[in-house]
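We begin with a single chain expressed as structure tokens, specifically the form predicted on its own.
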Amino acid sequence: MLDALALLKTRRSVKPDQLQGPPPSAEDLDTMLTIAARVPDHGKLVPWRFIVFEGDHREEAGAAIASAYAAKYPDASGDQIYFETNRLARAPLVVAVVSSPVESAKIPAVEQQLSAAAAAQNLLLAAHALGYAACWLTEWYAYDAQVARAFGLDDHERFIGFVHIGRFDGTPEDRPRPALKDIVTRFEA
């Protein structure tokens, strides 16, 4: 396993259609999800949950995405519908991270959503630490009410994103990163 700093310095996103199988083992997936759940959680509310899409269920979920797409775009071509049907089949495994805020007088919903986002980031890091590649996406269907209902989300829940996980043979390209001088200021009164 990579040491912590090397892990953080080398994590890169890999496009879902570049991810190959086999998917993570059940043991590796449990490890990833356990690590994903180890995030700051003010009030211990557990304001997030995970939906795992694996095997043939990825195509079944894709059918729900395609149905929502067809409802939005009745003139969609067969190729477009086919593409939408395969949205979650591009990677060997996909985990949806769902923000599920809990009613609280002390902890605002936005803070709970940030905890869910931290869970998605931890999932990416855990996948990388175990030798997998991953990509966190929020495409149009992450914001679609019909898809949310089809995937069992309650009215108060929303997708933080879909984390696509698989294997990648090679070294992912890095993108330009901002220089610290451009993003860091020091407060001086």
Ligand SMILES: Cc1cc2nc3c(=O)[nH]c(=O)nc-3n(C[C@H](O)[C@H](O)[C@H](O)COP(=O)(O)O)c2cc1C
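Note that the coordinates shown come from a computational prediction; the quantities given were computed from them, not determined experimentally. Start at 1 and count along the sequence shown; that's the residue number.
The discussion below concerns the form predicted together with this ligand, not included here.
K.L.:
Would you kindly say which of A148, C135, L123, A64 lies with a heavy atom within 4.5 Å of this ligand in the predicted complex?
P.N.:
Contact residue from the list: C135.
K.L.:
Among E60, D28, E139, E157, which has at least one heavy atom within 4.5 Å of this ligand in the predicted complex?
P.N.:
Spelling it out, the residue with a heavy atom inside the cut-off is E139.
K.L.:
Are any of the heavy atoms in R167 no more than 4.5 Å from a heavy atom of this ligand in the predicted complex?
P.N.:
The answer is no: R167 has no heavy atom within 4.5 Å of this ligand.
K.L.:
Contact between K181 and this ligand in the predicted complex at 4.5 Å, heavy atoms?
P.N.:
Although this ligand is absent here, K181 would stay clear of it in the predicted complex, with no heavy atoms inside 4.5 Å.
K.L.:
Classify Q20 as contacting or not contacting this ligand in the predicted complex by the rule of any non-hydrogen atom within 4.5 angstroms, answering yes or no.
P.N.:
Q20 lies outside the contact set for this ligand.
K.L.:
Of 167-189, which residues get within 4.5 Å of this ligand in the predicted complex if you count heavy atoms?
P.N.:
Residues within 4.5 Å: R175, R177.
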